[in-house]
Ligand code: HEC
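Single chain ahead, by itself, as structure tokens, in the form predicted alone.
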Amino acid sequence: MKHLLIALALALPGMAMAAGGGGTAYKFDPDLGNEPSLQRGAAAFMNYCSGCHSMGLLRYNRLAADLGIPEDLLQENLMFTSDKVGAQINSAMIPASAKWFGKQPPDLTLTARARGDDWVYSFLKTFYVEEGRPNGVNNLTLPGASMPHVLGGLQGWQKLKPAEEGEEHAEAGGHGASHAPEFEVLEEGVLSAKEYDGLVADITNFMVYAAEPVKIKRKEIGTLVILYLMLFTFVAYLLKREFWKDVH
């Protein structure tokens, strides 16, 4: 049993790195307390991502309750695949249409936990034009991805600058969080670079929330538990002093 625990302890760091997605181009710091960001991220996801991808482990009414979205606004602006607020967030794509991509686009509910928030943020920022690809683009974070750049009109179109001598690109494991890739802008998008970064941050923030909706409440409860334990420890100490004050 002891050897098993030691083996698990040694394996956990590697498992955590694998779940985080390995070498990502950009770092991202989620802010689950930023409700406006989560609301904007939910709207962007529903408008640009839910046509192909589902979030089957999350329901519309849970999303609305957690993010402070009134039910009428939810139904009017965010519900495209169901008219029931208790329904799961399913993709609008019918299975027959998935052949365009080679297979059914994956459910994204747990992607931020499985891949890591840095990975999601980097993926949305590192599409680049590449001739010969089915959709005309490739992705530095997930090389060979069959997904088109659905946010290309907003970000614009860019190509990857050739690697310097002695360097390798992310698909070969060269670019890490400390070395952001370099792109050359081919065509400007509707959004400025700063605005697009904000949009990607909102979507990533929302996906981090979706992967573990209870996380915010869990942290709040954890704080209360710690405060309770501190108070209980103080009271227990006072009781101990009172019970033992006459013992010599």
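So that there is no doubt, residue numbering starts at 1 and follows the sequence shown. All of these numbers come straight from a predicted model, not from anything done at the bench.
This protein has a second form, the form predicted together with this ligand, left out of what is shown; the following refers to that one.
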Self-check item: Within 4.5 Å of this ligand in the predicted complex, all of 111, 144 and 150 (non-hydrogen atom)
Solution: yes
Quiz prompt | Region of this chain that lies against this ligand in the predicted complex, out of 28 to 36, 218 to 226, 51 to 59, 187 to 195 [heavy atom, 4.5 Å] | solution = 51 to 59
Self-check item: Contact test in the predicted complex: residue 124 vs this ligand, heavy atoms, 4.5 Å
Solution: yes
Quiz item: Counting only non-hydrogen atoms and a 4.5 angstroms cut-off, does residue 156 reach this ligand in the predicted complex?
Solution: no
Quiz item: Any chance residue 201 has a heavy atom within 4.5 Å of this ligand in the predicted complex?
Solution: no
Quiz item: With the cut-off set at 4.5 Å between non-hydrogen atoms, does residue 210 touch this ligand in the predicted complex?
Solution: no
